[in-house]
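This document opens with one chain alone, in structure tokens, the form predicted on its own.
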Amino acid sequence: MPDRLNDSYYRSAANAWETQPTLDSGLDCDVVVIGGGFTGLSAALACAEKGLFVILLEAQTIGFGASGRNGGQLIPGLRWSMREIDEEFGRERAKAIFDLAWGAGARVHDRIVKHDIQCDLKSGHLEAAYKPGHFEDMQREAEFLSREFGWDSVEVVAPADIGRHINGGDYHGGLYETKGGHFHPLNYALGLAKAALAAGVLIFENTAAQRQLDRGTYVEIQAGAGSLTANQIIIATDNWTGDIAPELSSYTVPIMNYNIATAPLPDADQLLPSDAAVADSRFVLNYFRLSADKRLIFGGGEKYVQRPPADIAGFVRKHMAEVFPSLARTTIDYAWGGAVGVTMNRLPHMGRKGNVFYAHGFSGHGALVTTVAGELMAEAVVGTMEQFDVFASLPHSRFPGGKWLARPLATLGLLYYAMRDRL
């Protein structure tokens, strides 16, 4: 991936981290975790807390992928509404999904407090209604969450009151979630990594897992110039899952997403008075928030080809200017991008094959639920499958078209929904 895609504000404001060595020998352990993002780090940490000897492999550096590049938006739940989940899976399964997905924020908060992770954590998230019909749907969802699941942290924001949270965008009301929020994602990842090291995890950076073989009673992994033997393996590589487990790659397609960070803004608090993170209700959404030093971090638009725009800042600026016209000529200090792993149904894909556990395809809604996924895999490794099975039992289909046509066919479907935004 070109380095300019990782020229992010987060890297410039990252906490100190001592780069870990590469693997160059043979080692034995209880669990090998592949992937140094939120999912893999939380899995490794949780496994170590259960008394297991864990080795984590990261092909690049900690937080190199989506965990260190995302918008930093902490949104409770999944891409489906609870009404959709309840209708599709029935009340008993819906309640189990709700407890895990909507409870993810508490788990992340507890990790941040327990390990004293300095990641600019702020409370408050606004889903802004792009169309009047979207606001009506939001009202129904808030009432359903309160009545059926006792979730009372969501406030319906009338169109006339939207200025309490955002001055721009001509939105038609929204939902303000007090249990949502935002943070510095790379520093959260680095904080998890430091906690994992303190718990006894061995981390090897710049060490790509090249091959894994399930021998029935143990797993062998070739990685870098070394090799590992383990009882179990956890694959937490999202868009790179196909590199180590090709049979799983057809369950997701990568969608390129781009972000910018402006120079610090003197009027930042006028743009977002409540300092909430904001995401609108379009299929190809705009999402934005203020950093700790009052920059606007803005993500907008998607690309369905992996080649980045020639001018990432210019590509995102036009979306920012539609929401905040006063920022049309504002200096942009950082512009970066990365791939989001999207499943057919936009629900995370988790499961187990023999001694191999995996979780990927969080579909742009993973800043919170990835921590849960990692912890659930750690529970499953020691034989506690009940909560893991809540996610592992979600139905999934491969993208049609095979190796060569899956991405073009998925792109046609995504373009259809993107077109509906403009109608």
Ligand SMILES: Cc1cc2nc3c(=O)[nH]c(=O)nc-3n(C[C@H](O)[C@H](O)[C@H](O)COP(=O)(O)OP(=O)(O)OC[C@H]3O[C@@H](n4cnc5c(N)ncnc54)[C@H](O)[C@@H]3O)c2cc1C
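We number the residues from 1 along the sequence you see. Given the structure is predicted, the values throughout are model-derived calculations rather than measurements.
There is also a form predicted together with this ligand; it is not shown, and the following applies to it.
Stretch 256 to 264 is the contacting one of 133 to 141, 80 to 88, 315 to 323, 256 to 264, since its residues have non-hydrogen atoms within 4.5 Å of this ligand in the model of the complex. A heavy atom within 4.5 Å of this ligand in the model of the complex is found for one listed residue only; from Ala208, Ile166, Ala199, Ile297, this is Ala208. Listed residues Leu272, Val284, Ala339, Met344 were compared with this ligand in the model of the complex; Ala339 is the one with a heavy atom within 4.5 Å.
Using a 4.5 angstroms threshold between heavy atoms, Gln60 counts as touching this ligand in the model of the complex. The closest heavy atom approach of Gln232 to this ligand in the model of the complex falls outside 4.5 Å.
Taking non-hydrogen atoms only, Gly374 never approaches this ligand to within 4.5 angstroms in the model of the complex. Taking the partner from elsewhere, Phe362 is found to have a heavy atom lying within 4.5 Å of this ligand in the model of the complex. Contacts between 8 to 45 and this ligand, taken as any heavy atom within 4.5 Å in the model of the complex, involve Ile34, Gly35, Gly36, Gly37, Phe38, Thr39, Gly40.
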